[in-house]
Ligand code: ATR
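Have a look below at one chain only, the form predicted alone, in structure tokens format.
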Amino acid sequence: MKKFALLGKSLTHSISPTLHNHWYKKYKISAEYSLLETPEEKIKSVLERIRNKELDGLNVTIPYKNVVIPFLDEVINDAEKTASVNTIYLNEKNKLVGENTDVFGLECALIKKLESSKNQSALILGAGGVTPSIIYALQKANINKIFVSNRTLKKVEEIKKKFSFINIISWEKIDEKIKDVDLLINATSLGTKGGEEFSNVFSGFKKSLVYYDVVYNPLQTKLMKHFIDNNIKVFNGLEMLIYQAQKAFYLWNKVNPEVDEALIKEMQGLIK
């Protein structure tokens, strides 16, 4: 039986095992997917388990998407472009490979649903592990007016070294900047179930604004409800999670699992 897992911290609310195990059952693949909560000092030894064929692959989540890179033999495709890894496997040459499926996830969950990306501008809140993937997905969609704000300035400055064209906005000025942008993306954990909320009450935004939140638990954050009440189109992070999982599943198993409305509704039902 193949063994896959999610590497990260505080994973108890993750629906990834249910999603992957659903596909394993559907496609009659002898495999299982589990959660692997790991302290940072143990990451190298966990990755060695793939090299030793004890594990067949890993997904990587907060806060290790950058941390795993020094322990890999190759970082390819979108992972190379973003310096952010969320999928790991051993290739045919026994090289430990880091890939990024978050970019694909956002393209399917958001970019393809935008009416237009021409001359659009975006403001990203947060500079964590998923932010480089968001920037790169927007760049590929020709959204080049990208502003990034984070409570800790140093983190945004690190991202700007990779993406020199982004504009840094101080956290104190996001209420002002939101009035100019077409797309607002929350890439922070603010609004997550049981966690801290945004203290900002955004107003003065364009009627055509689109709001995207990487948070999927709850399905509607407090900020999402605020925008819905103001007739703004909103998306949560559930479909991004599903589509990035779809690509990871393909990389590991060479089977492209189906994503349909029934699956999305089933995953929504897991979120209380």
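Predicted, not measured: the structure shown is a model, and the values here were computed from it. The first residue of the shown sequence is 1; numbering continues from there.
The same protein also exists as the form predicted together with this ligand; that form is not shown, yet it is the one meant from here on.
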Candidate spot 129, 171 and 188, all three in 4.5 Å heavy atom range of this ligand in the predicted complex? yes
Looking in the predicted complex, any heavy atom of residue 62 within 4.5 Å of this ligand? yes
Can you tell me if residue 152 lies within 4.5 angstroms of this ligand in the predicted complex, counting non-hydrogen atoms only? yes
So in the predicted complex, does any heavy atom of residue 115 sit within 4.5 Å of this ligand? no
Any of the heavy atoms of residue 92 lying within 4.5 Å of this ligand in the predicted complex? no
Options 188 to 196, 161 to 169, 107 to 115, 77 to 85; stretch whose heavy atom lies within 4.5 Å of this ligand in the predicted complex: 188 to 196
